[in-house]
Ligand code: 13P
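Consider the single chain below, provided in structure tokens and representing the form predicted on its own.
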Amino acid sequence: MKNITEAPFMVEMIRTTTNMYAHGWDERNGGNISLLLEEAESCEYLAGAEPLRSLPTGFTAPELDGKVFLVTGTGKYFKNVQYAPEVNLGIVRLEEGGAVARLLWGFADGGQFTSEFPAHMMSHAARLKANPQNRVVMHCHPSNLLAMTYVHDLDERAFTRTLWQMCTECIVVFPDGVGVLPWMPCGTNEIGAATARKMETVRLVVWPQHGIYGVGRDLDEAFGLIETAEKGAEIYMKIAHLPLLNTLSDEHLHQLEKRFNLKVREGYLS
């Protein structure tokens, strides 16, 4: 088999975790990523690999049975992934209806997948139904989005509209809007299920006073989705206390909708 640390998906995961840490989105061991691997891209690195050990997942997801994921580890720092990927990352295959994850590679120090693994898998299941191309779930703690949840109405429509009005690119990048949960304890099946329900219709879900979940076809798309929302939140936090002389009106947003042939979330524009 080929050296798995040289696999394109592994190289990109290492680059992404390093970049996210550099952005300040994943302090300490905060944040996590899971990438659904396609059989064609992983078989030459994993063909014939025997499970190293079995890990209970604490949930079931029959629709993900047999699927293989590259995932960050619990308690691991994103800044260390580039130096020891085999310790900080793992590749698992879900079996027994998702109740068990067979470790195929990684977590070499005896670790296991992120504590948010149930939330990731539930979101994967929801997004695969909505868009079979969505293979990445990304969770992080961008500072401006967090700050915004302390001072802004958490109504989804209001939150989305504010981000859309902050810069032209926001409505272009996430015309489906942003989902917002009430505050909930993290690392539970309850918050995972609530996030997955939002993921049926949106690709970004805000966890107030905590962080955000984003999904995409690949690591670049998921990263760019969060990056754009974070830029909108940064602008908002810089100007929220100032009198606005100009803004993006609904007329402007409708022009963007037409210009880029967007499917904007129904009822969010007047």
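In this text, residue numbers run from 1 along the sequence as written. Owing to the predicted nature of the structure, the values given are computational and were not obtained by experimental measurement.
Just so it is clear, the following notes concern the form predicted together with the ligand, a form of the same protein that is not shown.
- Against the ligand in the predicted complex, the set Thr17, Asn19 and Gln82 makes no contact: no member has a heavy atom within 4.5 Å.
- The partner is absent here, but in the predicted complex a heavy atom of Gly73, alone among Gly73, Pro142, Gly177, Gly192, sits within 4.5 Å of the ligand.
- Looking at His210, you'd find a heavy atom of it within 4.5 angstroms of the ligand in the predicted complex.
- The shortest heavy atom separation between Gly31 and the ligand in the predicted complex is within 4.5 Å.
- Although the partner is absent here, Thr114 is a contact residue: one of its heavy atoms lies within 4.5 angstroms of the ligand in the predicted complex.
- With the partner omitted here, the stretch from 165 to 173, 134 to 142, 97 to 105, 83 to 91 that lies within 4.5 Å of the ligand by heavy atoms in the predicted complex is 134 to 142.
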